[in-house]
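What follows is a single chain, given as structure tokens, in the form predicted on its own.
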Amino acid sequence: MRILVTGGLGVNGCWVTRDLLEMGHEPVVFDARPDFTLLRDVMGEFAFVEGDVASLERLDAACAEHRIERVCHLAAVYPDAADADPARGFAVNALATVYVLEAARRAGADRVVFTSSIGALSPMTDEHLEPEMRPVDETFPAYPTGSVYGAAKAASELMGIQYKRLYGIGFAALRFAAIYGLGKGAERHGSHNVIWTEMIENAIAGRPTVVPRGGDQRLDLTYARDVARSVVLACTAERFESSVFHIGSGRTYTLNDFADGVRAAIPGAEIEVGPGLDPRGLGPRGYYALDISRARRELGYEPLYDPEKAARDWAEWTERLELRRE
């Protein structure tokens, strides 16, 4: 299939692009900037369109020129940047989703997979927090009040469902738990999940990591390659009934668990983690886990990467792509 991948050069999109190539599909990457750092070894194997997803004209042209059959929509402005410029944040994270849906409809594409977020959910209730931490399923209300990013994700989900209702376009919104992955640093993605990035990248580079507190905090942590596989499964599945799916690791890890995994994967890793909760400074309502049973049942999704396997994979790709380690 010819599949448009918006944001297909990014930290999640690069793995979607790779997976589609390996499966024999024809990904067409649509991205705002031609930074091929994470795909430099395969950059000649897929078509690339430089463009802004907030341009319906540009999306129309890409879909028509490449005869797009399905779309994986990953392009986004991340939470800190969206709050800093709400008009731009909503334009890229919500209005652009409508443009993607409309361009797909005009091109005759039959499915759009949208990468949503736990940010689309309403404020979390006590039974889903420490100490009970009951996994959150898709029936939990989605009325976010904490960020422009979350508001835009919820709006995008609703518009995807409307395009499905009005035009019969297949639609799947995937809400992801906290993601960590190669290249997911604070400069592009904000500071909330940078602890895990720094822990692995410091270990690879031979630098120590000190996290003052939070070693006992549990969190649903999902590696970018599991995220990508869920997108590809939703894009290529023969059929599914639901429109919204929760995607996570299927369990929780403490920060100490994560550190142990990194130490096991990267010998000599120097990591010191203080006790207690809330390593990200988000308060107690910032930590919970997702129920992934619907994705398992309808998409065949199963997480493959625990922290040790993820850290080992991360180190291997850092070497393979000759990324900076100093």
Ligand SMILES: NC(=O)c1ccc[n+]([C@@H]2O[C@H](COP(=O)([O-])OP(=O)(O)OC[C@H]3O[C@@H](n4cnc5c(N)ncnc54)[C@H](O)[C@@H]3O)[C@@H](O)[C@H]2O)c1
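In this text the structure is predicted, and so the values were computed from the model without any measurement. Position 1 is the first residue in the sequence shown; the rest follow in order.
One more form of this protein, predicted together with this ligand, exists but is not displayed; see below.
- Within 4.5 Å of some heavy atom of this ligand in the predicted complex lies at least one heavy atom of V11.
- This ligand in the predicted complex comes within 4.5 Å of no heavy atom belonging to G286.
- Residue contact with this ligand in the predicted complex: F176 places a heavy atom within 4.5 Å of it.
- Although the partner is absent here, F171 is not a contact residue: none of its heavy atoms lies within 4.5 angstroms of this ligand in the predicted complex.
- Remark: none of the three candidate residues (S156, H246 and D291) comes within 4.5 Å of this ligand in the predicted complex, counting heavy atoms only.
- Distance criterion of 4.5 Å from any heavy atom to this ligand in the predicted complex singles out A75 from the list A94, A75, A82, V113.
- Contact with this ligand in the predicted complex, judged by any heavy atom within 4.5 Å, is made by just one of A265, A32, I68, I271: A32.
- Note on the interface: of 47-55, 255-263, 271-279, 297-305, the segment with non-hydrogen atoms within 4.5 angstroms of this ligand in the predicted complex is 47-55.
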